[in-house]
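A lone chain, given as structure tokens: the form predicted alone.
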């Protein structure tokens, strides 16, 4: 293992150096950074040109200039030296000072998109495989191919038009008309019908129950002015917490495991008590308070799962941890919802909370919850844009992987032995279907980082894509190389993680020297 890691690091460093040299030369040779001054009539034109030549070291040939840049970049490897130097921009700003903010915004955007795409893509792909050749499978296949063929900039423009502008207009008079309630109820019924399946009687029951439930919820939202004052509330919270506990127990332990159900019920009850007990603390919380509360949540779940666990404590501990974390997420979502009216009515927002440009509202102020809502509203559209594009490919791979696994001999053997279908799917098929996905996610993350350049431009998002675009337009190699370093290192790290994940998922694969 040590020798494998060492070899991968050496090869990765050599690839990084070679790619960096090529990128620097292509950027340096793509144009003249002094072109804007040639036709200028400014009295200090010569001084401005001399300053730019000095800042960008234009009096040094491009190949030698790369090694000067590389010498400054190598100082970043010296810990605690504070000597990292990635050069200056054409305006005289150190790239090392511009990079952290741009990197944080872009990685935040791409990470959120990747996580959502993985979750939604896996769920939809696996359900499509389990419902092969049904209406749900055909519809999801059509949607996946449609999204896969769409350019990201067009998806972004459509989202700006129909989600941002449309929803902001809707909030001026947030009433769902009866026609829309009926349409959305039918759509919801069809979705759940495709997910659940079964015989005709079961299908009709699922369609009717889901349709009526959707209509009731939309009617309640419309009458209670929920869209402008959203909340989960003390009534819906225990219902949702109990549902989370039931689903987690069903997936991990099975419905007949009473101890797992008890563990999940205990976590849901604790979460309901904390919903009331922590409101005062959450009003004055910081990010560090939330991190401490998260650690306490995991510890309490682990202890309760261990005490209730019986002979199979590991399963019950997992049930307790997943249930407690998801219920804790409900509490945080509810608290963010409580900040929504205050945020929407702030003068900088002016009743139109869904942002179409930028990564944050300038000079907004407010506590952690106001800032959290502001981050959410600005990340929503670009995250959806990248997520929809990535979701299309992941859904197809997840479906194909699950279908391939379901045709294997050991799946037929498991079913022949009388194992419950949940055990066959969750414990045997699901893990092995993730093996090809582990490799795809690594490359997909790099593709999303590259696609973020276009998406950031559509939404005027101040991230690394904007910095790259400005550097390439001038041209200015230093900010371009700052972007390249982050992208290249991220791609290398994620491919390395994919190799390790592949080995962990498939016991037949062993990393050898």
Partner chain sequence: MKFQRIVAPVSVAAVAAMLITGCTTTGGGTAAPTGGTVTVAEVNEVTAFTSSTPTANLDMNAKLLGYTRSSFFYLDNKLNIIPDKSFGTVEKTSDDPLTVKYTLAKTATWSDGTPITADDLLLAWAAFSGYFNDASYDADGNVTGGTQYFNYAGDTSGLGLADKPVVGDDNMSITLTYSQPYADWALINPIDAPIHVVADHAGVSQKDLVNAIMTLPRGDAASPAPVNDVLKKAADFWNTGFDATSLPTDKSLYLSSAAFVLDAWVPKESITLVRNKNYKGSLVPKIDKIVVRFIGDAQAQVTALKNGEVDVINPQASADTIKSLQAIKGVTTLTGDQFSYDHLDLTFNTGVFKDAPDLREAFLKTIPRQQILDAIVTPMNPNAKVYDSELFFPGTDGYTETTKVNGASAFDKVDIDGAMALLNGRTPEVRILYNTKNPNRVAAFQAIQASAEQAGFKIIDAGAENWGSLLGSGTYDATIFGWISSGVGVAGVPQIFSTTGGGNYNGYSNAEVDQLATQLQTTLDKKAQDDIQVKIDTQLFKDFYGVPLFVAPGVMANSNSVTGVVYYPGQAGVGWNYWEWAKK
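Here, rigid core means the biggest group of C-alpha atoms that superpose within 1.5 Å across both forms. Positions refer to the first chain, counted from 1. Predicted, not measured: the structure shown is a model, and the values here were computed from it.
Heads up, the form predicted in complex with the partner chain isn't pictured, but that's what we're talking about next.
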Point to revise | Heavy atom contact within 4.5 Å of the partner chain in the model of the complex, the stretch among 116 to 124, 139 to 147, 408 to 416, 359 to 367 | key: 359 to 367
Check your understanding: If you check 165, 209, 76, 255 against the partner chain in the model of the complex, which one has a heavy atom within 4.5 Å?
Key -> 165
Check your understanding: the partner chain isn't shown here, but in the model of the complex which of 219, 289, 132, 172 has a heavy atom within 4.5 Å of it?
Key -> 289
Review point. Wondering, does residue 396 line up within 4.5 Å of the partner chain in the model of the complex on heavy atoms?
Key: no
Exercise for review: Answer yes if any heavy atom of residue 55 is within 4.5 Å of a heavy atom of the partner chain in the model of the complex; otherwise answer no.
Suggested key: yes
Check your understanding: Taking heavy atoms and a 4.5 Å cut-off, does residue 285 contact the partner chain in the model of the complex?
Key -> yes
Check your understanding: Within a 4.5 Å heavy atom cut-off, is residue 315 in contact with the partner chain in the model of the complex?
Key -> no
**Study point:** Contact check for 2, 223 and 403 against the partner chain in the model of the complex, heavy atom at 4.5 Å
**Key:** no
Exercise for review: Could you run down 303 to 322 and flag each residue that has a heavy atom within 4.5 Å of the partner chain in the model of the complex?
Suggested key: 303, 307, 308
Review point. Any CA movement of 2 Å or more for residue 353 between this form and the one not shown, core superposed?
Key: no
**Study point:** Core-aligned C-alpha movement of residue 30 between this form and the one not shown, 2 Å or more
**Key:** yes
Exercise for review: Would you tell me if residue 156 moves between this form and the one not shown by 2 Å or more at its C-alpha, with the rigid core held superposed?
Suggested key: no
